[in-house]
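For reference, the chain that follows is the form predicted on its own, supplied as structure tokens.
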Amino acid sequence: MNQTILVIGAGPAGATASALLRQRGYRVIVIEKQHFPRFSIGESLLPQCMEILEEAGMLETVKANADRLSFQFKNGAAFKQGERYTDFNFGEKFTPGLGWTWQVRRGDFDKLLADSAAAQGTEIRYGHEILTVDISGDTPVVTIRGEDGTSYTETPSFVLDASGFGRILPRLLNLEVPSNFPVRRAIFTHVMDHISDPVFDREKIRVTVHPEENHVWWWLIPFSDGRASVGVVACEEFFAKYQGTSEERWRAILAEDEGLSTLLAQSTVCQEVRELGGYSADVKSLYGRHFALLGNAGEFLDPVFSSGVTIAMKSASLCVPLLDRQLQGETIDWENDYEKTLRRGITVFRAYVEAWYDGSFQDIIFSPKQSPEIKAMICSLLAGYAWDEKNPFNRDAKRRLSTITEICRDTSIETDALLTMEGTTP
């Protein structure tokens, strides 16, 4: 097969798409501006990712290198605010499928996937940059600048944008629209954590809610070599109250939570403290003439439920079979089979993110009234299975979350009766 697909970006979306395309016999060229390994956030994977890695022929490669690269086995998520604590075990989720994953340093993880895609025959051009993309003709015309500064063109059959926060096609093709999420910022670093608390579970991501501002939260993502990724997320107005360098602000906010600061009392920063702001994004459409957008290049919500890599890989898994059929001569309904299907899961994640920041989801997860059935359904979402249509919480998620919030907040409600009335029971 002599048809060529050009992929922009060698991150998880691009590497996964490339592997899936190579399985179908296509020539794949990846244009990647940076050199790998390179730093990225999004270090706590979800079990849904493991199934897509297996589909792309990469799971065994990741397993074989997990110990060498200090990937931390992950079986769930824990949440804490003051004395309140709850956790979710992915093995107890509603949706069938894998109940484990890893926490990874993304530089190493992304390079491993890119190397795996290259081993399957993908051509990756590191240090090359997309300059222009013309989709007006019968085939796309892409102008690229190489590492030596000279420009050249490629005329692939199709372009997949997996450029993440670079958002190449949205910028070049005027596809960007403002996100309706409030502007938030993350300040983060890696530490040698030196956590000695025997109760602390390294096999779960720890999300800590600020003791007074429930829209402010910390992530703590341990790796297997004693390091951890530690970051705080808040709106710009909250951060404006703090002065100094990124590290000074990071430390000042950490000190405001007694439990987390005690847990990390012996930790030492081992990487530059960085900031990322205004990361939420959206586009007019996820596809168009001769192109489709994958992962964060299309839409990014928020890091709170670690959905970014999952959405990236899911978009590749959905897109490649459709593209294959189109290039074989079939007429594809991209609106229904790609745009609406991918956004259906994103909408579920969005409902949970919105409920997190308005406090209602926190009331649910910390409530002593949790039922095992409801917890299992929520656990499926936290494990990344947002496209499981059999899960009642993936259908009309916003209304169902509102119902459960009402249950948790009002002790006069008969829980079992209301759940049955709402059709929330399995």
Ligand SMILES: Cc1cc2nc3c(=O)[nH]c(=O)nc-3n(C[C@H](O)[C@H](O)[C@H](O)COP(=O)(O)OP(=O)(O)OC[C@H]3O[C@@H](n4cnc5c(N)ncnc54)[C@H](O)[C@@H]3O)c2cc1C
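A residue's number is simply how far along the shown sequence it sits, counting from 1. Every value quoted in this text rests on a predicted model; they were computed, and no experiment measured them.
The same protein has a further form, the form predicted in complex with the named molecule, not shown here; the description that follows concerns it.
Checking 115 to 123, 133 to 141, 239 to 247, 299 to 307 against the named molecule in the model of the complex, the stretch whose residues place heavy atoms within 4.5 Å of it is 299 to 307. Contact between R400 and the named molecule in the model of the complex is not found at the 4.5 Å heavy atom cutoff. For the chain shown alone, G164 is a contact residue for the named molecule in the model of the complex, at least one non-hydrogen atom being within 4.5 angstroms. Within this chain, F36 lines the site of the named molecule in the model of the complex, having a heavy atom no more than 4.5 Å away. Proximity of R350 to the named molecule in the model of the complex falls outside the 4.5 Å heavy atom cutoff. Note on contacts: among Y287, F79, F94, Y279, the single residue with a heavy atom within 4.5 Å of the named molecule in the model of the complex is Y279.
Using a 4.5 angstroms heavy atom cutoff to the named molecule in the model of the complex, all of A10, R106 and W219 count as contacting.
In the model of the complex, the named molecule lies within 4.5 angstroms of at least one heavy atom of each of the following residues of 123 to 143: H128, E129, I130, in sequence order.
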